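Here's a solo chain for you in structure tokens, the form predicted on its own.
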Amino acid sequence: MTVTTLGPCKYPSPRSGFVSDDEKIPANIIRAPDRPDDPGPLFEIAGPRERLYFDPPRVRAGIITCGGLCPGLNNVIRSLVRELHGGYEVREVIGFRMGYGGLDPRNHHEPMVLVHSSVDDIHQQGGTILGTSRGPVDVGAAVENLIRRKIDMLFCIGGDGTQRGAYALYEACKARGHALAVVGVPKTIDNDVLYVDRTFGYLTALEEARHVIDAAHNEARSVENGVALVKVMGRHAGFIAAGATIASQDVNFTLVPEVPFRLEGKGGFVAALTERVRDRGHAVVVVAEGAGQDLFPSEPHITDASGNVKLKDIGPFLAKAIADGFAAEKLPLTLRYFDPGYQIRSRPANCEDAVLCDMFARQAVHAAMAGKTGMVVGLLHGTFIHVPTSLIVAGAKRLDTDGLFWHSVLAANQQPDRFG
């Protein structure tokens, strides 16, 4: 799991608490009986290095935020700026605006100069002061702009699409012989990044989702045959739906992308829902946005600006299926539908995410100052690590439906293992 370094590190660091490149953490901490001495891949531990590749007073750093909003973006920006200026006394920090589009001068998004005063209270706000966008980066134009502006390091805050763009910039700079440290900070509210135990924004999302579920539960149990359907984020992974279910303890059905389900027929979801309402008079259903995509008619895929396949909207589809199922059973129904996605992702970070944002940002700065490039800061077994970007973009983390987390969901809501 070797991380690329731009060259020899010859400048002394002004920081303390140094970590050596030789200190590693294994990907697997559980030893299989048939492989007791096999730790699996070994990752560099993140932290300040004693010697730096860059001379701090001469550094010009860039920061960029891309993709959808996520609680904690401003916290990361603030801590990056504070560590760069306060910890290393770098010369200048530039905030590129409106995502990767801001790296292309043809888009006329003039960057911001970030100093202590410009980030003083941004951690109290949701969103990102730099703005964001989806879409590919024009690598050639971006590299030329970074070279012209004499940027030494670029911090890319975003999910898999952002990190793919960061990796393209890293490879292009390497081909040009330009010494640019490209360091990623993993951002996804879905918590689905490989080699990252928890991404920032995830716990804030659970907290906000639980508030919505509380309201949904009150709506459902206050009317005759009330069903509250709550759609939460989670394109390909159901971590928010699962975590919010466990936190709430008032959810009766949790539908996630990792577990296919059938709607109709004996043993199907609608039959189980009608049985629950007949028995208890109300029900709360939480569905991840990427669940049940196989239930839609097969059509050509449509992609967004980032190249992601646009999902079919499972919320209204499921609401109609529930209404039709209750009508077929001649069972009265009062259905309430909640779609709080934008409300959740635009919130400021809670305390736990704020701490995580700060830690991610500072480890990213330490890595870049030591000339690390083509890497993302990870979090494994409670330890911050350096992960080659090529590994991050090669796959994604999914719910283990045989693991303790999903079994806790099933214990909390008492739904069947499978529908159909």
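Counting begins at 1, following the sequence as shown. Predicted model, so just to flag it, every value in this text is computed and none were measured.
Another form, the form predicted in complex with adenosine-5'-triphosphate (ATP), is not on view; read the next lines as being about it.
Screening G243, G95, G290, G165 for any heavy atom within 4.5 Å of adenosine-5'-triphosphate (ATP) in the predicted complex leaves a single hit, G165.
Of the candidates M375, C357, C66, A364, C66 is the one whose heavy atoms come within 4.5 Å of adenosine-5'-triphosphate (ATP) in the predicted complex; the others do not. Contact with adenosine-5'-triphosphate (ATP), judged by heavy atoms within 4.5 Å in the predicted complex, is confined among 128-136, 315-323, 225-233, 201-209 to 128-136. Taking the partner from elsewhere, Y100 is found to have a heavy atom lying within 4.5 Å of adenosine-5'-triphosphate (ATP) in the predicted complex.
Contact between P257 and adenosine-5'-triphosphate (ATP) in the predicted complex is not found at the 4.5 Å heavy atom cutoff. Interface residue remark: D160 is counted as part of the site for adenosine-5'-triphosphate (ATP) in the predicted complex, having a heavy atom within 4.5 Å.
The closest non-hydrogen atom of N308 lies within 4.5 Å of adenosine-5'-triphosphate (ATP) in the predicted complex. Looking at 185-217, the one residue that comes within 4.5 Å of adenosine-5'-triphosphate (ATP) in the predicted complex, counting any heavy atom, is K187.
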